[in-house]
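In the form predicted on its own, a lone chain appears below as C-alpha cells.
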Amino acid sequence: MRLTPEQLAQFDRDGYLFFPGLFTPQETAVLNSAVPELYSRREAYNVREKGSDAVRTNFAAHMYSEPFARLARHPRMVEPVMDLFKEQVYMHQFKINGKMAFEGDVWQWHQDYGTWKNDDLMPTERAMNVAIFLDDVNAYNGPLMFIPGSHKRGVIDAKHDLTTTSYPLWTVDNELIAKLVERAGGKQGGIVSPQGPAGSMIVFHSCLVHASASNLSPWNRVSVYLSLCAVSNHIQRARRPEYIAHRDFTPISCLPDDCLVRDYPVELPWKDGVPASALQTSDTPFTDRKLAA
C-alpha cells in the first residue's frame, strides 16, 4: 500500500494518518482469535496492569505467533512507513496493547521517541508506530488522543514516570501539554481521537504527543502496534530486553497482501520460548551491528 502525495502532505502537517476499516472483518478475526491464548501466558513479555491480572501489553508476538508474524510483514502496515522514510525499515518493537473493559489503565501524555531515545539510544526520530484496531474504538473505551502537529515541536524533554502505571514511560509535563493543545486549536481541534471499526489503521510520527484515558466501559479496546524504524537509524544500546527493543536490524520483507487469510510460511524463532540472550541487557552502547544481533 503506497501513500499518495496528498497523504504525505497531510502526514507532514498533522503527524498522523487514519485509515478507517482498512482490514476486513475476516482479517481482524484471525488476529483476535489468537489474542486470548497469548494473554494467558505467564511470561515476562506479558506486562499486566498495576494491581490487576489484565494484560496491559504483550510484546514480540511476531516472534512466536504465526498470525502476528504475518501481520508484521503486511504491506498495508509496512509500505506506508517506507514511503515516509524513503528507506527500508526493521521491527524495533511489536506489541498488542490490551485496554481491557473496566480495567485498562491510562497511558500518560508522551512521545514514543522519548522512550526510544532515552532507553534505547535511537539516534533520531526516524521511527514511527503503525496501529491496527482489533476492536471497535469509540469515545468510551479509552481511545488514543493526539495533539495534531505536535510532532513539529521536535524532541521534548521528558521525565521518567515509574509509578503511575505498571509500565515505565518518559512523559511530558502538563504545562507544556496545555500549551501544545492551545497552539493546535484549543477546544476546536487541539486534541483529536481517531475512532472507528475493528480493522482501522493509524500511522503516527514518533514525536507526535499522545495519550489515552482509562477504559471504564464494558468494551475491550485491543490494538496492535508495529514500531518501525529506518534501518540506518537502529538503536545503539540494549538497556531493555530484546522482547521490548529488538536488536535484529534486518529490513522487513513484505508478504503478499492476502497474508492474513492465506497460510504463507513464516519463521517463529521464539516458538519454543524466549532465549536467554533476549533477556540480557547492558547500559554499554554498541556501534557494531554484530554486537546487537
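These figures come from a predicted structure and were not determined experimentally. We number the residues from 1 along the sequence you see.
Omitted from view is the form predicted together with a small molecule, to which the following refers.
Which one, 193 to 201, 120 to 128, 149 to 157, 208 to 216, holds residues whose non-hydrogen atoms are within 4.5 Å of the small molecule in the predicted bound form?
Within 4.5 Å of the partner lies stretch 208 to 216.
Looking at Leu71, Ile132, Val89, Leu144 here, can you tell me which has any non-hydrogen atom within 4.5 angstroms of the small molecule in the predicted bound form?
Looking at Leu71, Ile132, Val89, Leu144 one by one, just Leu144 meets the 4.5 Å heavy-atom criterion.
Does at least one non-hydrogen atom of Asn97 fall within 4.5 angstroms of the small molecule in the predicted bound form?
Result yes; Asn97 sits at the interface with the small molecule in the predicted bound form.
Taking the shortest heavy atom distance, is Arg221 within 4.5 Å of the small molecule in the predicted bound form?
Arg221: yes, in contact with the small molecule in the predicted bound form.
Examine Arg76 and determine whether its closest non-hydrogen atom to the small molecule in the predicted bound form is within 4.5 angstroms.
Looking in the predicted bound form, residue contacts with the small molecule do not include Arg76, since no heavy atom lies within 4.5 Å.
Contact with the small molecule in the predicted bound form for Trp170, defined as at least one heavy atom pair within 4.5 Å: yes or no?
Judged by the heavy-atom cut-off of 4.5 Å, Trp170 is well away from the small molecule in the predicted bound form.
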